[in-house]
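To begin, one chain is listed below as structure tokens, in the form predicted on its own.
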Amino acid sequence: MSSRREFLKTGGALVIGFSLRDELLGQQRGTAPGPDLRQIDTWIAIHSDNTATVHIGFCELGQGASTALPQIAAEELDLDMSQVKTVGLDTNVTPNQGGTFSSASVARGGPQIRTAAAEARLALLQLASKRLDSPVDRLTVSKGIVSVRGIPNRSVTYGDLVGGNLFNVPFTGSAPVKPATEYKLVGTPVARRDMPAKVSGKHVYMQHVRVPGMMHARVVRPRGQGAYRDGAKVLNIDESSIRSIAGVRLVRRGDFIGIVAENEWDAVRAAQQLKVTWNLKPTLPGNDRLYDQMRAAETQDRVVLEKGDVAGAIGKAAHMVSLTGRGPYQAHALFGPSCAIADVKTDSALIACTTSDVYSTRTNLARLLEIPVEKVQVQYYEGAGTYGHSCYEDAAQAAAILSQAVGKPVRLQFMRWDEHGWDNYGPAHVGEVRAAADSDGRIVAYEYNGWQHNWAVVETSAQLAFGTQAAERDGGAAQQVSPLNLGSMYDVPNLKLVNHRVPGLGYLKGGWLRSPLDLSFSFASEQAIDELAYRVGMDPYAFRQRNIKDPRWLGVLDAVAKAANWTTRRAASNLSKAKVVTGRGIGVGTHLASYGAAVAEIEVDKETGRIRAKHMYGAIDAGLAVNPGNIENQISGQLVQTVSRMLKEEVTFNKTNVTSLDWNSYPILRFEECPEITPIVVQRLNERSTGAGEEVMAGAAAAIANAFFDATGVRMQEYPFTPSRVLAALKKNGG
């Protein structure tokens, strides 16, 4: 483990030294808010062996940031990738670049790394100019070796120039960066740096970390959360129920209950065996009343975008469609339940955990523990794959509460029912769309109304331990009806988007799940667009081509259609009486940036109601693709996850609590069900880099829904497309 975390203060490195080795105990406790972002030494370190360390503030979540960001730095510094390394994400060491969400690592972090590296390169060239007695404009650099153009044997390395000193250069952001035409590394599919260790099983995940003297812990909660505002109230604890298990300690703070033991199995047994009586309030709507209750709620309404006269245009149009789409709560469903290790002292704390934002986690932990923020240090370890706000913050807080209570390092890991039952779920959504077209197949009006609640602010551990009142986040583009993802990709003269914010405290905890709300948006919206094409009598792809002017939307649409060998025909024109029927569908959509399009090829068994996605095609235009191989990987992951969410995933709950607590009650796509995947990267070297981690899922969700219509002639209004829903829809429509 030491090889991952040891780094030396050598040759230009700004290093706050620490070594994890086998422990967290010898830590250098946090003594400052974090590295100074205004200094180049915070970002770039040049070593005497002519290598560089790049300090990045983004988490590696599987998106490839630990390769792409050093790739950007190496490009600007004129170094090989073999000469560039990074260090572990740590609030005492790495810069605060904000959270790793909304596909931000390259989009937001790339420009910072690029300008820091350019500034470092300029400083190095100025040093070389003096050393080589040559003007900067006559110097060339290759692999960190600075030479005088046209004069052989006059060179110096970056390592020789720095000579063990810091840059001591402010980060002004004014140094010129390379034009895209000069890129040698950026834009190429450099191999992922994290893959060898992961494939070989040597990668250290958070769940693998152990420290000397630590205790093992589990939380005790009801099996499945109830309404967010209610938390979980303890009526009675029978401590005698765990007396047979020696050496375990029950920790209670308010309604927070944890078990701590030296042996992990003892902690597991005691947490399962402890008899607790909970006050479970029947205040949830349950799955059967969810959408009706949301639709009928008194909401905070806001017109997100309006132009023209939608009602008037619809009234005059040759063709009008209306469609309602309903999307469920869905879980992050980590393969390995969330885990954290906390070592809390009287005046300081060190937390090792998985998070999407180490600095935000540090702030929340400092508040929770009542320890000054500069005395709290958070170190990041990658956990089981998750995109969004799952239970990792809750686990870190639980570990910290328990460590503070017992005065020792505590390793806390959730059980499967904790992870599934107490997640911050992607919120449910109801969308109603009306769209109209003229007789020439031009969309003349579009209207979308969307209902959903916002995301939770307070973690369950804080809510139970300290009685912190449940609260929701305000605003945020990803929490509401999205102009970018609804109608605006089409050339529509009359358009209206309305967001209906449902009061969320009486529902399940909400949080950002990969491509938040976008699957629900496009599920309704793109089916309506597809239905317009059907009413007009046009091919779905040709209809979209006719109504899109933006060349970047057209670029992904054309790219995915070409990859899929799309042939022109009206949807649902090849309906069959066969038991198993096939269909293909197309859709466009994105998240908050970039451009995405997808094609789905599926088969439907009309007797069993089972759907199989045979082949998924996805195209993303994310501007400058720093590492096209990374984006291909991201597209592949997005398409597989979208198939899973559209066909299988749904959080189930009754009036008191969540009931989908394992892989049987919350099924996901299995390996044998995985479709063939074709990812397409639309490269735009002269555009800024934007998101690529969740930008094809919306189009893919729509493509699956439209493929179902093509196969059956039936429109689905609710996902996931479970066998029972499919059979009911086919029966209702005579399919």
Partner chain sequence: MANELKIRVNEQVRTVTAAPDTPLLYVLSNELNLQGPRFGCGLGQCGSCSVLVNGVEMRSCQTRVSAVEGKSVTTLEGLPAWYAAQKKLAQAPALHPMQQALIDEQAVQCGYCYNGMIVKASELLSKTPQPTEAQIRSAMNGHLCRCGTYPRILKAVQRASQMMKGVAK
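Everything numeric in this text was worked out from a predicted model, so none of it was measured. Positions refer to the first chain, counted from 1.
We do not show the form predicted together with its partner chain, though everything after this point is about it.
- Among 295, 326, 192, 610, which has any heavy atom within 4.5 Å of its partner chain in the model of the complex? The residue in contact is 192.
Quiz item: What is the one choice in 569, 319, 203, 233 with a heavy atom within 4.5 Å of its partner chain in the model of the complex?
Solution: Residue within 4.5 Å of the partner: 203.
Choose from 253 to 261, 536 to 544, 204 to 212, 120 to 128 the stretch whose residues reach within 4.5 Å of its partner chain in the model of the complex, heavy atoms counted.
-> Every other range fails; the passing one is 204 to 212.
Does its partner chain come within 4.5 Å of any heavy atom of residue 634 in the model of the complex? Because a heavy atom of residue 634 falls inside 4.5 Å of its partner chain in the model of the complex, the answer is yes.
Does any heavy atom of residue 90 come within 4.5 Å of a heavy atom of its partner chain in the model of the complex? Residue-level check for residue 90: no, no contact with its partner chain.
Next item on the list: Indicate whether residue 688 is a 4.5 Å heavy atom neighbour of its partner chain in the model of the complex.
Entry: No, residue 688 stays farther than 4.5 Å from its partner chain in the model of the complex.
Is there a heavy atom of residue 451 lying 4.5 Å or less from a heavy atom of its partner chain in the model of the complex? Although its partner chain is absent here, residue 451 would stay clear of it in the model of the complex, with no heavy atoms inside 4.5 Å.
Query - Triple contact flag 602, 709 and 720 to its partner chain in the model of the complex, non-hydrogen atom at 4.5 angstroms - result: No, the whole trio is out of contact, none within 4.5 Å by any heavy atom.
- Residues within 4.5 Å of its partner chain in the model of the complex, restricted to 302 to 324 and counted by heavy atom: If the 4.5 Å heavy-atom criterion is applied to its partner chain in the model of the complex, 302 to 324 yields nothing.
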